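Here's a solo chain for you in C-alpha cells, the form predicted alone.
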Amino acid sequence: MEDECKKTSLYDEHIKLGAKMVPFGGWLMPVQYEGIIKEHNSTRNFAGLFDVSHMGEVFVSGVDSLKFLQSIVPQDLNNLEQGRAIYCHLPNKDGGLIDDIIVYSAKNIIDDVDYLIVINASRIDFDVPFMKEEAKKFDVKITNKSDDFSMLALQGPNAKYIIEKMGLKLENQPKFFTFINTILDDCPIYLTRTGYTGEDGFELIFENKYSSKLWNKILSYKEFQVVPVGLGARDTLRLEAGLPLYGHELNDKTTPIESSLGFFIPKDKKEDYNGKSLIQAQKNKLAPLRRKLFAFVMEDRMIARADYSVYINGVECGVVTSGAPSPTLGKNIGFCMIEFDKLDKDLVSKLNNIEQSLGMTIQIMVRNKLYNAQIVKKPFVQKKYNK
C-alpha cells in the first residue's frame, strides 16, 4: 500500500529525522518523530512545525468567481475583504458535506487569482472535478495547483517570533484568518494566520522547490524550541481544540448543522447553494436534526477510539468519530455522533438542548464492556488565536 502513496517534497527530510511514516489520505506522511506527547506539548508550549503539503490548493479566477463560490458554499462571501479567509463547507445536493475548506480572498495578492481554496488531501480527486462541473454555469476558471505547491504549518506561542526572525516584524504579520504575499528567507510565500491546533500560528504556502530550505531553516531556530510534528500530535491537538476532521466528524451524509457547526452557517443567505433547503431548515429549527455530534470526556480510564459504539440508557445509538488521550488535560476525550431515530422523543429533546445535554452520561463499548463518559462543551482546551 505504501508503494501506491504519494510523497511530499519533504519526504527525504522526514526520513533523515527518523520519522515513522504511514499512509494517510493517499499520501505517505510522518505520524511521529520523537513521540506524540512530546510533539503535542512542544506545540502547546513553544512551537511545532508540520508538513501539510498533502493539502490541496485550487485557484479560482474570472468575472463570476464570487457568484460561483456563492453557489457552492453555505457561507456568505459577499463581504469577504481582500486578504481575508473564511472557513467554509462544500455540501452536496442532500446537504451532506463533500468537504470542509478554507477560502481566501486573493485578488491583488496572487497574480490573476480571485480566490485561493485549500482543500483536504483525501478529497482533492473529488473536490476538483466537482468544482469544475459546477463552474460550467459560470464565467470562471478553476485551476488545481496542488502538485505545484507545498505547505508548512508553524504553530505555537513562539511561531510569531520565528516568523519575525525570518524577516517579518511582528507588526507586519497577518492577523487571524488573513494572509499576505511576502518573502521569508529569500523565498516567496503566501503567509496565512491559520492552523489546525487551536494555537496561534501560521501556514506557509510556497512552490515545492523551496520546501527543504524553509523546513530546515525553521528547525534551525533552536532558541525557540521548535520541533517537527507528525500526524499523531496534529490529531490530538485538533481534537483538544474541538476541530472536526473530514471522514470522522464530517461526511457526505451529515449536514454542517448535525455536525455541530451551525455557528458558521448564516440564517439568511440569499443565494442558492447545494442542500440549502435542508441546511437552512435545520439552522432555523424548521426541520429536525437526524443526528448530532457531541464532545465527551471519559469518566473511566479507558480510551474511546473511532468507530466504537455509543449507548444511552442501554440503547445503542451512535458511534465515536474521534477519540484519544488528551496530553494537556490528562483525560481521555473524543467526539461521537448520536443517531436520534434510535432514541425516544424526550431524550432527543434533551440532547437538542445545550444546557440539558451537558453533563449527560453516555456509555461507550470498549472491548465488549460499557464504560461511562460525560457529554461536555467543546473545545476541550481553550483556543489561543491571535485576534
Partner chain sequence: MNIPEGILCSKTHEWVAEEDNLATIGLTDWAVEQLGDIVFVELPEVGSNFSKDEAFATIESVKAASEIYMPVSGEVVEVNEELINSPELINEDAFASWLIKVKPENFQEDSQGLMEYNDYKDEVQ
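Positions refer to the first chain, counted from 1. Not measured: the values here are computed from a predicted model.
In what follows, reference is made to the form predicted in complex with its partner chain, a form of this protein that is not presented.
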- line: Within 4.5 Å of its partner chain in the predicted bound form by heavy atoms, the stretch out of 26-34, 351-359, 42-50, 62-70 is 26-34
field: Contact test, all of K20, P325 and R367, partner its partner chain in the predicted bound form, heavy atom 4.5 Å
entry: yes
- request: With its partner chain left out of view, choose which of Y196, F138, Y308, F264 has a non-hydrogen atom within 4.5 angstroms of it in the predicted bound form.
  value: Y308
task: Consider the chain as shown here, without its partner, and state which of G242, G247, G232, P157 has a heavy atom within 4.5 Å of its partner chain in the predicted bound form.
output: G232
- prompt: Heavy atom to heavy atom, is Y371 within 4.5 Å of its partner chain in the predicted bound form?
  reply: yes
T236, heavy atom within 4.5 angstroms of its partner chain in the predicted bound form: yes
Contact label in the predicted bound form: L219 to its partner chain, heavy atom within 4.5 Å: no
query: Using 4.5 Å between non-hydrogen atoms, is A287 touching its partner chain in the predicted bound form?
result: no
Residues in 284-305 with any heavy atom within 4.5 Å of its partner chain in the predicted bound form: R301, M302, I303, R305
